[in-house]
Each structure stands twice: as structure tokens, then as C-alpha cells.
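Here's a solo chain for you in C-alpha cells, the form predicted on its own.
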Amino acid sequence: MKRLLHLSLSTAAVLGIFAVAVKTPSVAAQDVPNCGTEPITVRGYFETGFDLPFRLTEEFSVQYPNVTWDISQDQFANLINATPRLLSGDNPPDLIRLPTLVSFATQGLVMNLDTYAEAFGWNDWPVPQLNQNRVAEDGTRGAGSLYAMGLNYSLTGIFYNREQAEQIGMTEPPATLAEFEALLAAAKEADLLPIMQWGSARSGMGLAFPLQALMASVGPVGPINDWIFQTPGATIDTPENLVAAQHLQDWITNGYFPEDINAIEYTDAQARFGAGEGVFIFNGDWQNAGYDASMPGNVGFFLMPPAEEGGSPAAMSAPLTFGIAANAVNADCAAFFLNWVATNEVARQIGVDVGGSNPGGPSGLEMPPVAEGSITNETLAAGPVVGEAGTSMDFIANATSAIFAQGWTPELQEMVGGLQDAAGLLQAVQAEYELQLSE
């Protein structure tokens, strides 16, 4: 998951780029939107480095040959920087990668999808699939109108190199945080890199992954989600999160991460882990196909263990979110595509094979088959564990459109450099969060 500096919404408003009329879908609730039969070109703006959206659009054009795609792609940092300008322009993309949506929804830059939800029956799908993409009138997430949909539903955790894990005595995944930290110490003692992770500003600081995992290990997930969903009065600066940040600071001090982590891009971290550098890496199931290709049979997965024995593991679990521009020319076709992704048999198979994740959709649809020996079997099996425990979270980088770039990334980079401590990290990010909410 990759983010960087981007234009604050208040600054964008000063520049006058929010002069956009809100558009409602043209389709009546009783109709089923589609792409028609005449040739059309659907414009997309996607995140580079993730093959799933591109594979899905290719298959969509096979099944609906009247539809061609004009897709621009960029690093997440550049994408999120350009999003306000693109959405408010004269020719906005019909479909856009949209991990943060509150500001864009409240400013009328992305389309309210309630009419499409009624037409396609999305409201009858399992509630967790849609609630993260709902925005209430007061700007809080988790309830209200629907403004985006997921191409699949990702899960994060800890991937590990099986051969190296055996070298440090790991015969099964650790059951507690203490057991995991003992393995990290054993890896360091064995002259192995305990954790490969990325940290460059361009990719966004990957230490947010283990930090949030630690937060959920030592404390409840409810306050974390409240903060991400901008619940009034929510704070990231809690006693439990301070303990989590202190653990992360200890991991940095102990040399559990690469010395050059602040310069490592996301793609470089995956290549280095696949080449055998690092016993563990915190990442998401979207990387499954890459790990199966680079280290077939030698990669395993487990959820972050709880601090106390017998506790429930937790994980970030969120949709790969896409929205439709408020003034999209081909909104009906874009909505039809979003529905097709979750309901078409071939599309669902692509979601599993390429995305490595649960394709979602209506309850009762069978999960597409997974290749024997694929790491996807392990990540898919972990999903129900988190679901039954009720310990899923969105990503702390998604709390506001700028918090990752202007809060987490620089503060975590300073922690790596010894210029920030655990308490200062949380205080600085909370202050930035409150500033952004006030703008």
C-alpha cells in the first residue's frame, strides 16, 4: 500500500478546483445499468504495481467488446495528489482508485452510488463489504450513502520465508506477541534479517503495517476504527497505542529492519524478500501471486498474534476501493463493471488468482477454486478467523486523504533516524489529524 505527499483539500479549495456540480446517476432504480451496445471508451485512473484492475478490464472487454479502456496509471503518491484536480476537471476519469473518500464525497467530487446499489441489489450483500465505503452527512465513515465499491477485499498479516523460519526454530506460527518477538531476536542472533519492510516517502512508510498490527495486538480495534472513521473525539494517542509504538521503536533500535529502510520502495522490498532477504514481511494478500512466483512453496502466512495467550488475532481488512467521478461520462458502464467484478464467474476467479483476495459479492456465491499449494489458501483461511472475532480494521493511512503523507510517513521515518520516539510519534500524528479535520 503506497502513498505520499498530496494536496490538502483546503488548499485545493483555495485554488478553486472544487467548482463542480454534483451529478446523480441517470438510471432509475428499477432499471439495470449496463454498457449498451454502441462503442464506448471508459476512462480509468489506476494505481501502478497492482495487476488486478488491469486484468479485470482486459477480461471485461473480451466479454463486452464494445467497451474499450483508456487507463492512466501512477504511483499512489502521484495518484492521490492528482485526484482532486482530476475529479473536478472537464473530463474526469469514469473509474478511479480511491482509498480515501470522505473529503471527495463531502465535496461532491465522487458520485453517490445509492441508486446503483438499489438497482444492482448491493444493499443485500454482507454489510462489511460496503460499510467502509459509506459516508454519513456529517462526514463520518461507516454509515450513510455509498460512494465507492471494492474490486476485492484484502487482508494483511505476516508472510514468512519457511526455510529461514525453520532455521530459527519456528515450527508453527507464534501464538503470542512475546513468542513472535522471541523469533525476531532469534533471527537477529542467527545473522538473518528479521523483517523486510519498505519505507521511502515515494512508496509511503511501510512501518505503518507492523505498527497497526501491534496496536491491535496490545489493545482493542474499536478505537482504531473510530479514529480511521473520524468518529468525533477519537484519538490515536491512547495508552495502548503508546505501548504498541514503543514495541515498534524497540524493533527499530534492535536492528530488526533493513538499515536502508527509509530508501526502500515497495517493489524493491518485495523483490528482496522474494530473493531471501528477511524472515518476515508485513504485507497484504494482494502480493500473493508475486510471492508464489518468486518463492514457490517457501512462503507462509499468519495473522499478527495477540499480546495475551488466548486472545483474538486482528488484521487490516479493507476493500480495494474504486469510485466513479461525479461528472463521469460513462457512469452507468463503470457501475456495471463494479457489479460484474463481484458477480461474474471469470471475474471472481481473476480476483482470487491475481488479487489473492476474497472477491466479495452476494452471499451464497461459491469461492473460486485456488491453486493447490498457493499462499492464497492461507490468506483466505485467515479471513473467517478475523471475521468471527470481529477484529478487522481499515488502514490507519486511510483516516484522512493526507495523513499518510503528512503524518505517518515523515514521523516514522524520523523514528527510524532516531529523531522521534513513540510518544512524540502519536502526538504528532494526532495533531496533524486534527489539523486536517479542521481545514
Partner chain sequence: MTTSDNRPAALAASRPTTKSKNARREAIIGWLFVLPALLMYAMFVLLPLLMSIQYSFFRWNGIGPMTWVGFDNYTRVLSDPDLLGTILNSFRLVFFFSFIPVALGLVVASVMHRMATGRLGAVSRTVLFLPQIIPLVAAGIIWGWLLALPGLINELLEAVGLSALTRAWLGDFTWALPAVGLIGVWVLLGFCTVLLWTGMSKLDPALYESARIDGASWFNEFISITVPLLRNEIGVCLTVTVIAALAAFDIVYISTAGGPGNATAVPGIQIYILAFTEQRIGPASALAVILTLLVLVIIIPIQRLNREIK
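Since the structure is predicted, the reported quantities are computational estimates derived from the model, not experimental observations. Each form is matched to the other, and the largest set of C-alpha atoms that superpose within 1.5 Å is called the rigid core. Residue numbers count along the first chain shown, from 1.
The discussion below concerns the form predicted in complex with its partner chain, not included here.
**Q** Although the partner isn't part of this model, could you tell me whether residue 434 comes within 4.5 Å of its partner chain in the predicted bound form, counting any heavy atom of the residue?
**A** Output for residue 434 is no: heavy atoms all beyond 4.5 Å of its partner chain.
**Q** Do residue 423 and its partner chain come within 4.5 Å of each other in the predicted bound form, heavy atoms counted?
**A** Although its partner chain is absent here, residue 423 would stay clear of it in the predicted bound form, with no heavy atoms inside 4.5 Å.
**Q** I'd like to check something about residue 124: if you look in the predicted bound form, is any of its heavy atoms closer than or equal to 4.5 Å to a heavy atom of its partner chain?
**A** No, residue 124 sits far enough from its partner chain in the predicted bound form that none of its heavy atoms falls within 4.5 Å.
**Q** Does the 4.5 Å heavy atom contact test between residue 190 and its partner chain in the predicted bound form come out positive?
**A** Looking in the predicted bound form, residue contacts with its partner chain do not include residue 190, since no heavy atom lies within 4.5 Å.
**Q** Name the stretch: of 64-72, 31-39, 403-411, 374-382, exactly one has residues whose heavy atoms fall within 4.5 Å of its partner chain in the predicted bound form.
**A** Selected range: 403-411.
**Q** Counting heavy atoms only and using a 4.5 Å cut-off, do 181, 305 and 339 all touch its partner chain in the predicted bound form?
**A** Heavy-atom distance to its partner chain in the predicted bound form: none of the three under 4.5 Å.
**Q** State the residue from 166, 260, 172, 137 whose non-hydrogen atoms include one within 4.5 Å of its partner chain in the predicted bound form.
**A** For this set of options, the contacting one is 260.
**Q** Answer with one of 130, 329, 242, 201: the residue that has a non-hydrogen atom within 4.5 Å of its partner chain in the predicted bound form.
**A** Looking at 130, 329, 242, 201 one by one, just 201 meets the 4.5 Å heavy-atom criterion.
**Q** At 4.5 Å, heavy atom to heavy atom, what parts of 271-285 sit next to its partner chain in the predicted bound form? List them in sequence order, or say none.
**A** Residue within 4.5 Å: 272 only.
**Q** Does residue 327 move its CA by 2 angstroms or more between the shown form and the other one when the core is aligned?
**A** Shift of 2 Å or more: yes.
**Q** Taking the rigid core as reference, does residue 45 move its C-alpha 2 Å or further between the shown form and the other one?
**A** Yes, the C-alpha moves 2 Å or more.
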